[in-house]
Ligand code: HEC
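Before any questions on binding or motion, here is one chain by itself as structure tokens, the form predicted on its own.
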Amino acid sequence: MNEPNAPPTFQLPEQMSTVSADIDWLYYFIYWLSVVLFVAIVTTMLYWAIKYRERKGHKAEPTGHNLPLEIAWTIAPLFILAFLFHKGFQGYMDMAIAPADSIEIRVNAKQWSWEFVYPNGGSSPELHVPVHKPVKLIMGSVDVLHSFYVPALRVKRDVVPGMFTSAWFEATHVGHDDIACAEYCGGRSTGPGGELPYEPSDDPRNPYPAGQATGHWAMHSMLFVETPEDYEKFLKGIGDKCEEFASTGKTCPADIAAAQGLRLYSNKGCLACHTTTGAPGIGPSWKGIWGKDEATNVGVVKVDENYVRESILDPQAKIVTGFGPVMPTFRGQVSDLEIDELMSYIKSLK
């Protein structure tokens, strides 16, 4: 059964995530504080301007120095700023650290569309997520700087070429909202007659074109928050990779991306240097390496998406202490999807 969408607030759209209420509270606190201070300052200014206006028979006298007043209006704002910093940093940390049980969805941004790759290996130009379940987005760009923005979730995160960024959220109710690029990412092309070619979406909930729309202004998609049952139906509908395993008589792995990464581990020759058992090798063992802090020639680094990507494409950039610079670059030999699959395999070796 679908839950009703929450109504929009005074100035902001509806709240669809667990962090929306806290973000809105801080926004409205700053807004109304600004209103109160503006009214108080302007009213005081007008009062003194009228009271001490130039009049016949009145001679102006210097006001002099008032140390307590000057200290008061210097110190008082510091308490407000400290409170705002605390609330802002607290909210930032809440949104920066995803729960351990989050569903990981890959986001590929390109001029001018979004692609979402799901844990079952299927992909879609629209983002579908289950309600009341944390979702972590691992995002990358194939061309220029983009910015993933969903107003109702209060989520906005830059998507930068050459590196991964991430964001997470947990939707509070079934519904849908617009996904936009909040960073100007290029112009648009038009059809022969000057019109913008596009293919209308088959989904009546999606008012935006899909497929051929071009230009930054048209880089829209949709977020659909669904019941767990509808989410599972969606995953089946986009081509569940488990069906491929079933057709060959094999058991579907729990993590398809990790299974594909295991295949690449052999096919790309990674096993020649990296063990998966913890035993020493030419390079660091992949066993339990994900999330660790490693000492390198440029300092301590955390083994995460950006480090693994850089190590595959530019292995000499950060060399783990105790290992020589012997790994060749795989730039041009592996795709972004294959890098994602290798990372999934390394994560599975915890």
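Note that residue numbering begins at 1 and tracks the sequence as displayed. What you see is a predicted model, and the numbers here were worked out from it, not measured in a lab. Here, rigid core means the biggest group of C-alpha atoms that superpose within 1.5 Å across both forms.
One more form of this protein exists, namely the form predicted together with this ligand; it is left out here, but the text below deals with it.
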Inset, instruction - With this ligand left out here, work out from 27-35, 304-312, 57-65, 43-51 which stretch has heavy atoms within 4.5 Å of it in the model of the complex. - result: 304-312
Legend entry - Contact flag, C270 vs this ligand in the model of the complex, heavy atom cut 4.5 Å: yes
Inset, instruction - Flag I282 as yes or no: does it have a non-hydrogen atom within 4.5 angstroms of any non-hydrogen atom of this ligand in the model of the complex? - result: yes
Inset, instruction - Indicate whether this ligand has at least one heavy atom within 4.5 Å of a heavy atom of K136 in the model of the complex. - result: no
Inset, instruction - Report whether the minimum heavy atom distance between M327 and this ligand in the model of the complex is within 4.5 Å. - result: yes
Legend entry - this ligand: the contacting residue among H216, K87, H173, H274 in the model of the complex [heavy atom, 4.5 Å]: H274
Legend entry - Complete contact of E294, V320 and L342 with this ligand in the model of the complex (any heavy atom, 4.5 Å): yes
Inset, instruction - Align both forms on the core first, then report whether M16 has a C-alpha shift of 2 Å or more between the shown form and the other one. - result: no
Inset, instruction - For M95, decide whether the Cα shift between the shown form and the other one is 2 Å or greater, given a superposition on the rigid core. - result: no
Inset, instruction - Establish whether a shift of 2 Å or more occurs at the C-alpha of V174 between the shown form and the other one, with the two forms superposed on the rigid core. - result: no
Legend entry - Cα separation of M95 and V308 in the model of the complex versus here, shift of 3 Å or more: farther
Inset, instruction - Could you tell me whether I339 and M95 have their C-alpha atoms closer or farther apart in the model of the complex than in the shown form, knowing the shift is 3 angstroms or more? - result: farther
